[in-house]
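First comes one chain, alone, set out as structure tokens in the form predicted alone.
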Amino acid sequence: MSETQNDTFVTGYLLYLLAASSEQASAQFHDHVRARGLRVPEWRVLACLVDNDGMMITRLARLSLMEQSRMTRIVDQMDARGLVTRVADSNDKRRVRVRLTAEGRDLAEALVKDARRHETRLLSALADTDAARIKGVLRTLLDVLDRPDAT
């Protein structure tokens, strides 16, 4: 979108700008994910577990932007492929945690490196001050939206 272009409601609307930016940037990386033999939801699971192995399904679903029932099916499929395994929580045997297998960890670590390179390329198109601020601004927005009184 050109800076000289007059904004219409849609092209100037925050939610459109967030969604369109995410869609385009994600599409580039998701092509790479699929070339590695994964579906996008599986990549999201690996990305979540690489730094926080042993998450419960509810937390994993929230961070992966999926409904819990869909997450359960994805984890089942990934378990069958040998990428993750389910283990009982040591404090509460009724709870199940999802852990990466060695194969899953190797794949996750490789893809996270690729994702970081992709992110660096995206951010390099911005001025240094904008690149440094964008994540903080988005985290603040998410924090505000997570508040019970957010409208």
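Residue numbers run from 1 along the displayed sequence. Quick caveat: nothing in here was measured; it's all calculated off a predicted structure.
What comes next is about the form predicted in complex with the DNA, which does not appear here.
Colleague: Tell me, please, which stretch of 25-33, 85-93, 112-120, 44-52 lies within 4.5 angstroms of the DNA in the model of the complex when heavy atoms are compared?
Modeller: Flagged stretch: 85-93.
Colleague: Does at least one non-hydrogen atom of residue 99 fall within 4.5 angstroms of the DNA in the model of the complex?
Modeller: No - in the model of the complex, heavy atoms of residue 99 and the DNA never come within 4.5 Å of each other.
Colleague: Using a 4.5 Å heavy atom cut-off, state whether residue 69 contacts the DNA in the model of the complex.
Modeller: Flag for residue 69 set to yes.
Colleague: Can any non-hydrogen atom of residue 56 be found within 4.5 angstroms of the DNA in the model of the complex?
Modeller: Residue 56 belongs to the contact set for the DNA.
Colleague: When the contact criterion is heavy atoms within 4.5 Å, does residue 73 count as touching the DNA in the model of the complex?
Modeller: Yes.
Colleague: Who in 100-131 is close to the DNA in the model of the complex, meaning a heavy atom within 4.5 Å?
Modeller: The stretch 100-131, when checked against the DNA in the model of the complex, contributes no residue at the 4.5 Å heavy-atom cut-off.
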